[in-house]
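The chain that follows stands alone, in the form predicted on its own, written as structure tokens.
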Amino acid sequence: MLYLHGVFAGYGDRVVLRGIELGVGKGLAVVLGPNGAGKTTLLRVCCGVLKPFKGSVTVNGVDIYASPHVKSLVSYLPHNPGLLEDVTALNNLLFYARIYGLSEAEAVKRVRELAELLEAEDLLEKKVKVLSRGQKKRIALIRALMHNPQVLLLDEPTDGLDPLIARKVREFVKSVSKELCIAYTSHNMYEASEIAESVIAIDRGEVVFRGTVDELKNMLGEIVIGFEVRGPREKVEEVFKSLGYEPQYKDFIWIVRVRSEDEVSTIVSELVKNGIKVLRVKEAETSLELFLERLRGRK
């Protein structure tokens, strides 16, 4: 159990988090918030990197700043993977394994197991500098999990990834959430509504919403999604219509309304199956901002 009690934190004289009172148990909690809301600062405080001005952070009832050994129970995957570029992915992982206190035999076994689950076996012998952003994220996720932490903190792990790779990462994280306490930051509403067991929204350094996925979905309704693709316009439109959508085409983006991430995944799969390259998938309207505006209005 990860618990924050009355946490104020920031950088220099700037306060970013204001009185955070928050508990995260076993399972997958998505922390929603726009850029600048305090999501990354929150994770840095939780992993023991940034000491709060005031308040406490405990794991299983033990303060991580008073008992630093507790930090070994927490693993943090930052937005930037932070891997050594000029060595192989495997040697990166073995280097960090030594820091975690794992023997080489233990590390290799654990790395192979996780690489198989993340479909990353073929990446291990490659130098990090030749890997794509998505491949680096998968290697960094292996690093975060190889010492069997109890708390896993993920800072927007799918941001900027190819839609199909992002889906694999989400599925993997969801599969391990039964055994771990996971806090997963995101600014994508449809992603949160699909994978989370619980949802926490942060706005301007304060927790403004805590609830279930069903409560989030009821507040959301439909989400407007934009698809940037490469392929014949007539063929793209045909695919959307075959799935029952009436898409709009604006500024080289195809726009449709969906109710879940599953619908987005189905659309991506069908486009790819028909030879259309999916370049980017994003929310076409700022549903997160609309959601936060509703919360501000209630407050």
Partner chain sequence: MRGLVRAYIARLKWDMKTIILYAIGLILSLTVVPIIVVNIAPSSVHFVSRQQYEQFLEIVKRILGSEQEVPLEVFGSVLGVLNIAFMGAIAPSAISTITLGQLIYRDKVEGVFEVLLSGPISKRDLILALLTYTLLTALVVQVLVIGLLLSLSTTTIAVLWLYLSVRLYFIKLVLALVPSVTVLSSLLTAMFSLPIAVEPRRNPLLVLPALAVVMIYIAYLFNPAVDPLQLALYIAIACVVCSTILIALMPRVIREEWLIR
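Just so you know, these numbers come straight off a predicted model, no measurement behind them. Residue numbers count along the first chain shown, from 1.
Although not depicted, the form predicted in complex with its partner chain is the subject of the following passage.
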property: Partner-facing stretch of 110-118, 75-83, 183-191, 156-164, counted where any non-hydrogen atom is within 4.5 angstroms of its partner chain in the model of the complex; result: 75-83
property: Option touching its partner chain, based on a heavy atom within 4.5 Å in the model of the complex, out of Lys168, Lys71, Arg204, Lys174; result: Lys71
property: Its partner chain: the contacting residue among Gly48, Pro247, Gly55, Pro34 in the model of the complex [heavy atom, 4.5 Å]; result: Gly48
property: 4.5 Å heavy atom contact, Gln150 and its partner chain in the model of the complex; result: no
property: Partner proximity in the model of the complex: Ala105 to its partner chain, non-hydrogen atom cutoff 4.5 Å; result: no
property: Arg44: touches its partner chain in the model of the complex, heavy atom cutoff 4.5 angstroms; result: yes
property: Any non-hydrogen atom of Asn91 within 4.5 angstroms of its partner chain in the model of the complex; result: yes
property: Output flag, Gly12, Val87 and Arg98 jointly within 4.5 Å of its partner chain in the model of the complex, heavy atom basis; result: yes
